[in-house]
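Same chain, two versions here, written out as structure tokens and called structure 1 and structure 2.
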Structure 1
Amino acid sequence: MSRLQALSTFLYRRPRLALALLLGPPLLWLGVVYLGSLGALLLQSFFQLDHYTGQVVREPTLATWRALASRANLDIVLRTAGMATAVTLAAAVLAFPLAFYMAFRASRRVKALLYLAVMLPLWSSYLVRVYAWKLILAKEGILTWFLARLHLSGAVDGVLALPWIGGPSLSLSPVGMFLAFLYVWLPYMVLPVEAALERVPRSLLEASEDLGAQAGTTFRRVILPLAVPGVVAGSLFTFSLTLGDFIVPSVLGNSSYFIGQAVLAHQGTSGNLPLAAAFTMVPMAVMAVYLLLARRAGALDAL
């Protein structure tokens, strides 16, 4: 009997050891490295930066959390959450026709192609896709050119002149950021909504029509409620990803920080790792609450 066979027999008689050997490495990696890091993150947020020496003082304190609650920092949190909400709502609206078409209208072949068409941007480089919007939105860029042809330049200037969402140009304004966010996260909304619609039994649609329901009524009373779990699942992604992003605001934003930029700046140039850690807790806390609510709504099955 070979050594491997002997080992194999040895493990057969000890199924728990075999399981431990299989599960050990991945659990050690994620349990120790990853959960450990999350623990370290939480721990960091209870330290504080000594502003005179520039060193992190490793004594438990709530000073960093108090600093987080400052007016300026709350503005950052609200600004980011506002953007995340807007992006999520718009993504839900845009995702719906595509998901609906995929689920109910497309043939098998077309559906497979559409699926690939949504998957490809989801997996491909997100930095480059943000960069594409820098090109598109630039003052001398493609969008301006098109709008000029359509004699709509005035409308853009009007939008840019608005408070809150305006800015010096499309590539340096919340409107531009909104478009880029919407673009990069849209596939994350399409897929769960499509999956939810896929589960709507065809017989239900026919039943609704048999009962004399108008197309609009069928849509409102049958399809929309059944799609809600998919929208909630998709919004988990769009909301969470927007909350934690710093690429889009850095490339297309103005001087007003988003959470991601604040985290980056605090841990980098100013060396205030505790405040960066405390900042990160905000998206985590928001997502935890959101997850709990979604779970109660039964939306997680659609993931």
Structure 2
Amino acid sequence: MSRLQALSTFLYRRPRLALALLLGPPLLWLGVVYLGSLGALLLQSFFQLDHYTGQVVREPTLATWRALASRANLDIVLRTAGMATAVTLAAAVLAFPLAFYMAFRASRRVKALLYLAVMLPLWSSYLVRVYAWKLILAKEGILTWFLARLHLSGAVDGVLALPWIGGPSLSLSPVGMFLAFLYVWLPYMVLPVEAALERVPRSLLEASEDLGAQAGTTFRRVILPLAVPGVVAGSLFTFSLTLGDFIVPSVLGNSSYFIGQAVLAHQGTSGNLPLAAAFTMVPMAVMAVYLLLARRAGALDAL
């Protein structure tokens, strides 16, 4: 008997040892590196920065969390959460028709081409795509030129004049950030929704038709409820990625900070590591609440 066969027999007779050897390395990585780093961040958030010496005072305190609850920092959290919510809702609205066509109407060749079209932007550099949108949305960009040919420049100026969402140009406004976020994260919504629609049993559609249900009724009563897990999965990506992103707001935004920018500024320029760690906890807490609500609604049962 070879050594490999002897080892295989030894592990076969000891299934618990085999399971420990199989799951040990990934669990060690998850527990020490991943969860350990998150625990270190949480611990760091209970320290504070001595603004006189610029040193981190490593004594437990809630001063950093009280600073996080200030009006300026709460505005950053609400601004980021609002953008993430808008991007997620818009991505779901845009992704569902495309995913529906791919799942139920497109031929195999067309479906392959649509898969390629959805995934093709992911093969290019993230920074290149964001800076490309900055050029597209600039005052001298192609979008402004195209809208001027359609005599819609006045409508754009009216949107930019609105409070909260306006700015000097589309490339320096929340509208521009919204468009860039939507473009960047849309594939992460299309693919989960399409996968959920692919799993819808065609027998249910046939049964609904045999029972006399109209197409709209079948869509509302059969297809849409079964597609909810895919929408939830896609929203987990789009919402969480928008919450933590700092590149798009830095390139296309104005002086109003988002959470990612605040984390970068506090741990870099000001050296306020405790406040940066506290800001990092915010997206994690928001996603935990979102997952809890989705679980209570039963949206995660079919994932």
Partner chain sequence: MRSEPRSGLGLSLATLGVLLFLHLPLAVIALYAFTTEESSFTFPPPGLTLRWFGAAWQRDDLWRALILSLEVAAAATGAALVLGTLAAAAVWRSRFFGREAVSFLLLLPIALPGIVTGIALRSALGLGEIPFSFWTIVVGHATFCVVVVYNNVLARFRRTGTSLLEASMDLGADSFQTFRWVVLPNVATALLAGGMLAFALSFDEIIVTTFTAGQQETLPIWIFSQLARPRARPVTNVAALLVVVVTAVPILLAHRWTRED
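We call the rigid core whatever largest set of C-alpha positions still superposes within 1.5 Å between the two forms. None of the values given here were measured: they were computed from a predicted structure. Sequence positions of structure 1, starting at 1, serve as the residue numbers.
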So which is it, 1 or 2, that shows the form predicted alone?
2
Relative to the superposed rigid core, does residue 145 relocate between the two structures - that is, does its Cα move 2 Å or more?
no
Once everything's superposed on the core, is residue 69 shifted 2 Å or more at the Cα between the two structures?
no
Tell me, please, whether between the two structures the C-alpha of residue 89 is shifted by 2 Å or more, with the rigid core used for superposition.
no
After superposing on the rigid core, the Cα of residue 7 moves between the two structures by an amount in angstrom of 8.0
Where the rigid core has been superposed, how far does the Cα of residue 33 end up moving between the two structures, given in Å?
2.6
